[in-house]
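Next up: a single chain in structure tokens, the form predicted alone.
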């Protein structure tokens, strides 16, 4: 979360709200009152607000405020939710299977949220440096286009030179690389294994080729470098998209269990 004027204001308001909450909670507790009902509703309201962020991202075409502001509010509200949860429960690990299920879901949502925020700070900059961003759904078509171009270059080289050395080597070795995204883990962590693999394979066959085939090999090197960049885009975008497939269902499950918890409280405790 960048230190903008809006973010600074959000942090100060949140700090003041937490201080007021802490004071009220202590005064109520010392007065032999029960603050858990109020803090429970506050926590539930905050969970509902946090769940709105995913919907805001999907409705980016509607003017509902800047997404960056929503993200700042989401991060700060998540932190406040942790404080409220511990305050409401009075312990890190409550008694009873139902309360423990709720606590477990809350902690899983929190941890996945922290991980997702870290990924959003880390990966977008690397995506920009890896080249022009490609829409995730178009990546298979991009790879298919590079594969077709590579096969065409090999076919043309065989026709011009009368030799099939490069063609056989492509089928045996290089076609594996152009078939689909490769070295996912290396790309996620910023490694260059794919680049080194491709360079070694190209250098191995170079001395066995005719002049016409070497020209095609240069074309394969260009296509391979483009394929490496596309693979990096695929790896990093798949992590960002895959994270939401964990965090959002967990958050939905948490909200569902929280509603059930609220119903039980009204039925049995009030």
Partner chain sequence: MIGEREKFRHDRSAYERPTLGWRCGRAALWRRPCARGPSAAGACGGVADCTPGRQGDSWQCRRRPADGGPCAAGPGSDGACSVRHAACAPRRSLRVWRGRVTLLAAGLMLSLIAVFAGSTDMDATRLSSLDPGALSAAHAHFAGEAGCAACHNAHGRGVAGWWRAFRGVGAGDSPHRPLAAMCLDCHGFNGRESLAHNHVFEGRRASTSTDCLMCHTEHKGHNAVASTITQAQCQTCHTRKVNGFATDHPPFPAGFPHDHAQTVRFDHVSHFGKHFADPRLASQVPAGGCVGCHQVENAGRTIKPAGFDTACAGCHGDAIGRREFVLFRWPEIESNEISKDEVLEACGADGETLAELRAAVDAARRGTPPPAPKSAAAFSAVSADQPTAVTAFLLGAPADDAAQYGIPVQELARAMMRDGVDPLMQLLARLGPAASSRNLLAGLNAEQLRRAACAWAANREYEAPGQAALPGWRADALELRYAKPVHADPALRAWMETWAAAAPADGADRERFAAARKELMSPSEGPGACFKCHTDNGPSDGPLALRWHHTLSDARPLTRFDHRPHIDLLGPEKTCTTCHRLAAVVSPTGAAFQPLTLDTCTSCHAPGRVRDDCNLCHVYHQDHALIKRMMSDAK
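Residue numbers count along the first chain shown, from 1. Just so you know, these numbers come straight off a predicted model, no measurement behind them.
We do not show the form predicted in complex with its partner chain, though everything after this point is about it.
For a residue to qualify, one of its non-hydrogen atoms must sit within 4.5 Å of its partner chain in the predicted complex; none of 103, 110 and 190 qualifies.
Partner contact region in the predicted complex: 127-135, out of 152-160, 166-174, 127-135, 193-201, criterion any non-hydrogen atom within 4.5 Å of its partner chain. In the predicted complex, its partner chain sits within 4.5 Å of a heavy atom belonging to residue 226. In the predicted complex, its partner chain lies within 4.5 Å of some heavy atom of residue 30.
In the predicted complex, none of the heavy atoms of residue 123 sits within 4.5 Å of a heavy atom of its partner chain. Contact annotation for residue 181: at least one heavy atom lies within 4.5 Å of its partner chain in the predicted complex. With the partner omitted from this view, the residue of 42, 230, 50, 209 that lies near its partner chain in the predicted complex is 230 [heavy atom within 4.5 Å]. In the predicted complex, 143, 144, 145, 146, 147, 148 are the residues of 143-158 with at least one heavy atom within 4.5 Å of its partner chain, listed from first to last.
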